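This document starts with one chain, in the form predicted on its own, laid out as structure tokens.
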């Protein structure tokens, strides 16, 4: 887990502001769910056999004897929220930004507290809705300035397909068990689809000739997936069908996808999503959604030299006061100028003028308002333009100072 500060925070703020703007223009409303949830919400929703539930969640018992978990992903919490709204929530379009927590092995762009921008579009399975959500995620990354991504898509089929897929994979994988890692040998009986998603080279080589799970799916599932790919093509997106793309959560049905970027190295996924049927309170709630890892996106943008420049506030004004009396007078002037929309920084009135002006230069201020004993006696303020040293005096009055700033900026 890491702090975010300084220039890095400024970059994140730009990306978050662009995300807010784009997602709202697509009709999504923000939701903010708790960081802590009952453990059962994730254990049931994500699947007991997933690595997230078995190995990665931060789970503890609180003082009331309840098992609580720091949220490892955003979907389950959002679905819990919309389920409480009844029928009204079943067509919701919601998005979220915030921290998630997984006890994973740390690596580049992956922290145990990480941050995601994600959305959920509730509704019955619809290949056109899936394609639209995928396109929105692509557009979000493009709006951030990330180019050169690849879009990988696959299908998990329907819940009814899972039995046939699991049996077919178990038959194909059991003869290969000795060549697989310990986790994959266990998964053959518990979650054979995850064997195809193993990142160990030995397991990938051993399962190279295993049939695609799609071969055991129904014709309807194949038609659904083909429609998604055609819809993406109609929007000008080049989607790459990827039979081994699994994604690690059990609630996925039909379409799943990942967006990768070469700047991230071997673990190159920057974003992903899928259609799901999330079990909650005895029923399955359908929807489609995605998440973008903020740390991964920033790393990819940095590798491509595309980190956004934070906008610089216009007309930064630095108040330099010499002595306590001038410092006290500057407090009121600073408050008035800030309330009028200006960015105002105040110097330390106990330091020399030269030292304060160095601080103004370091802060990239446009103007210095200087007040010492002489200015106090004359009820004036010295206005100095820092880029060239030009200066004038103006009455010690907020309106007069504002007007002088406007006039000199326009001249």
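These numbers come from a predicted model, not from an experiment. Residue numbers count along the first chain shown, from 1.
Not pictured, yet referred to below: the form predicted together with histidyl-adenosine monophosphate.
- Indicate whether histidyl-adenosine monophosphate has at least one heavy atom within 4.5 Å of a heavy atom of residue 81 in the model of the complex. Outside the cut-off, so no.
- Message: When the contact criterion is heavy atoms within 4.5 Å, does residue 224 count as touching histidyl-adenosine monophosphate in the model of the complex?
- Response: No, no contact at 4.5 Å.
- 4.5 angstroms heavy atom contact with histidyl-adenosine monophosphate in the model of the complex for residue 120: Yes - in the model of the complex, heavy atoms of residue 120 and histidyl-adenosine monophosphate come within 4.5 Å of each other.
- Query: Is there any non-hydrogen atom of residue 269 lying within 4.5 Å of histidyl-adenosine monophosphate in the model of the complex?
  - Reply: Judged by the heavy-atom cut-off of 4.5 Å, residue 269 is in contact with histidyl-adenosine monophosphate in the model of the complex.
- Query: in the model of the complex, which of the stretches 320-328, 336-344, 291-299, 157-165 has residues with heavy atoms within 4.5 Å of histidyl-adenosine monophosphate?
  - Reply: It is 291-299 that comes within 4.5 Å of the partner.
- Task: Could you work out which of 213, 192, 263, 109 is the residue within 4.5 angstroms of histidyl-adenosine monophosphate in the model of the complex, going by heavy atoms?
- Result: Among 213, 192, 263, 109, a heavy atom within 4.5 Å of histidyl-adenosine monophosphate in the model of the complex occurs only for 109.
- Contacting member of 132, 240, 104, 197, with respect to histidyl-adenosine monophosphate in the model of the complex [4.5 Å, heavy atom]: It is 104.
- Message: Under the 4.5 Å heavy atom criterion, name the residues of 233-259 that approach histidyl-adenosine monophosphate in the model of the complex, in sequence order.
- Response: Counting only heavy atoms within 4.5 Å of histidyl-adenosine monophosphate in the model of the complex, the contacting residues of 233-259 are 247, 249, 251, 252.
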